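Shown next as structure tokens: one chain only, the form predicted alone.
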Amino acid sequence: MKSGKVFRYSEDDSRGRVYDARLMGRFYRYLHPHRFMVLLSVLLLLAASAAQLVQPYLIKIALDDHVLPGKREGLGILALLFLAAFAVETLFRFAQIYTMERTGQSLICVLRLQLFSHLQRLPTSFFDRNPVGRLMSRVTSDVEALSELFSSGVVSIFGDLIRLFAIVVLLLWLNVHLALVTFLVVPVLLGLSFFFRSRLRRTYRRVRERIARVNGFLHENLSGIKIVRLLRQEERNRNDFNRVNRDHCDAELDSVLFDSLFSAAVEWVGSVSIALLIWYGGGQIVQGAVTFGMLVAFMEYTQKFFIPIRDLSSKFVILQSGMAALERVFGLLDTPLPAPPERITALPARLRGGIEFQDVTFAYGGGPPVLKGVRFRVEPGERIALVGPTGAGKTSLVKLLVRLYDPDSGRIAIDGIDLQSVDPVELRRRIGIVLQDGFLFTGSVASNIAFGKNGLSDTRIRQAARLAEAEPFILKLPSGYQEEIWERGNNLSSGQKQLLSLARVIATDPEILILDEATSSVDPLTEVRIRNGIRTALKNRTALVIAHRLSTIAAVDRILVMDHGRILEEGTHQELLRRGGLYQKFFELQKTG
């Protein structure tokens, strides 16, 4: 059955300028530490071009002064000089390419690290608005495009311009009349360049847009491959991808068509120029005005004149790709970071753990409020449960507490210290969180437990695993604590991932603990183990426990019932049941369910 699904991906900044001096000026600032290597590369490029351009002149001398007069003396020396010039060109060309590529990779390494560091400091709301796939392309493919822009684009174009200028000077110096015959085709070349430039630019835009759609489609469908298989949509997705892939293929073919036409047209114009030289230069030879060697040299220089022009289309694509990449990369780097507080308040060596929300209101990205005037207080060491339907605002409240977001109004304080004046990094060192879906990183079991705190000893890692009830399953793994964890922990069960997440939090020894649906997706036996680990983790700590299953909050001191961004009820389990409000309805529904 034909699917009506259309995958949409917006590459809104793909229409950059062919050349933007402002962006290039900013890009060149990154070259300043490598300026001597760049200068060396330019000098090598000039030397290689000079060695290349001397070769046709050596052929002219050999033909006019030795071959045609029949003089063998000195011909061997000219042949050796020709080989030496070719060897020097090859050596300098190698040194220039190596120097430029090495400089480009050093620059790209620095820029990529700067991008990654900037991404890690951006506010959480930025990632709500920007897909992960797009951000990954900034750090990978866009940065690589800048490397190509530096080494194969701007530098190569500069070398081509120097070579073209040198050839023009040489042709005029050798023979003005033959040079003018050669230049007769230049207006045609300029016309062809302008004609194909706009078409190449349009096809390039289409290629960029189509490849963005292909990448977006792959990212979405490979991330959801389990759902695709469960719902048996492989054939439908194959057809959808075939359409997206075919669109990209058609755009690439259009680009190849215009590129081939332009190259063929330049070749044809070059052949016309050679034919004109043979016609006019042959006549000049007959009249004795031009030597045969000079005509051959002119033909050699003319061929070298058309080589960079023939490559113009590919360099045009590199230049535009680099300009678009520069705009995207600098656009990301220009994304403002959260403003630091005017006055930073240092946290004490050990928090008591008192938490206070005072009339806190919050909305995501200017949307409707998800928290509306929330007010409550948690005493040091007290264990509070947050209960309520989906969308009540429980998780949003926790995000504000760890300053992933800041409230639109109101005040949040820990031990009387306003969180707006606290360094978020320092704050998060003091708060441990176990999420509903424990996220693990590639690496060993031990490195995942130690992820939250640098420099943890093996003894502390094992102690945390034992306290979290995680050691029994760890020791059953083939390599124990050194067992490699796959991407997102896919070689472990949900319960095992939760136990490792709990061990990670225990290892950091936080003063405040947050449990967000920590037992929502595990079997009863694993839930018992997680509860035992949680009981250990809660000792002498302030705790906020978010739960839908009321069986998980039996050990708390107080329960806050939330709905539509407000706290509607507050009390112990028995007190709330006696009131007969929203909490009792939850309890009855779960008991009957």
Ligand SMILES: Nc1ncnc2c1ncn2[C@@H]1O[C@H](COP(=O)(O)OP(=O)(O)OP(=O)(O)O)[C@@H](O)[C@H]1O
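Residue numbers run from 1 along the displayed sequence. These figures come from a predicted structure and were not determined experimentally.
In what follows, reference is made to the form predicted together with the named molecule, a form of this protein that is not presented.
For this session: May I ask you to state whether P336 is within 4.5 Å of the named molecule in the predicted bound form, using heavy atom distances?
Result: No.
Does the named molecule get within 4.5 angstroms of any non-hydrogen atom of Y364 in the predicted bound form? Taking the distances in the predicted bound form, the answer for Y364 is yes, it comes within 4.5 Å of the named molecule.
Review point. Should G393 be counted as a contact of the named molecule in the predicted bound form, where contact means heavy atoms within 4.5 Å?
Key: Heavy-atom contact with the named molecule at 4.5 Å: present for G393.
* Asked: With a 4.5 Å heavy atom cut-off, would you call P187 a contact of the named molecule in the predicted bound form?
  -> Close contact is absent here: in the predicted bound form, P187 is far from the named molecule, nothing within 4.5 Å, heavy atoms only.
query = L192, S263 and Y301: each with a heavy atom within 4.5 Å of the named molecule in the predicted bound form?
reply = No, the whole trio is out of contact, none within 4.5 Å by any heavy atom.
The named molecule in the predicted bound form: contacting segment from 481 to 489, 384 to 392, 141 to 149, 73 to 81, heavy atom within 4.5 Å: Going by heavy atoms within 4.5 Å, the stretch is 384 to 392.
Sole residue of N245, Q463, Q114, Q436 within 4.5 Å of the named molecule in the predicted bound form, by heavy atom:
Flagged contact: Q436.
Option touching the named molecule, based on a heavy atom within 4.5 Å in the predicted bound form, out of H548, R566, R558, R541:
Looking at the other structure, the residue within range turns out to be H548.
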